[in-house]
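Heads up, the chain below is alone and in the form predicted on its own; it's given as structure tokens.
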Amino acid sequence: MKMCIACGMPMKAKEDFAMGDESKDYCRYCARPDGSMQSYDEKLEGMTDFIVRTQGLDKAAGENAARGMMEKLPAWKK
């Protein structure tokens, strides 16, 4: 089973992959409408919004948590 390199989501089914393309290393949630992978800033904004919405953190704390999660993922490691 592949894991999304940009958010860490397990990709089990074809529908989980960007554009349903199992050769992609990122998921449908990390893809732009044209199928390309979102930029770091786009993903950071999306992950921050998700954390704020699901964990009830304020935006600054959510962004800090998102940065911490993203720095461990292959797409964003330096």
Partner chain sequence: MSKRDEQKAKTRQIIIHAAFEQFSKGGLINTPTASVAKAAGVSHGTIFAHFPTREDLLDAVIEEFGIRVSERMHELAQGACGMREILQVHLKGISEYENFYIRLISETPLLHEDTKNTLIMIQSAVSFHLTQVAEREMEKHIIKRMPLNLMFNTWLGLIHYYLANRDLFAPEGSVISRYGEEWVQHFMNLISL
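All values reported here derive from a predicted model rather than from experimental measurement. Positions refer to the first chain, counted from 1.
Although not depicted, the form predicted together with the partner chain is the subject of the following passage.
Annotated contacts: 29, 53 and 64 all touch the partner chain in the predicted bound form [non-hydrogen atom within 4.5 angstroms]. Contact annotation for residue 7: at least one heavy atom lies within 4.5 Å of the partner chain in the predicted bound form.
For residue 73, a non-hydrogen atom is located within 4.5 Å of the partner chain in the predicted bound form, even though that partner is not displayed.
Shown alone here, residue 69 lies within 4.5 Å of the partner chain in the predicted bound form, counting heavy atoms only.
Residue contact with the partner chain in the predicted bound form: residue 57 places a heavy atom within 4.5 Å of it.
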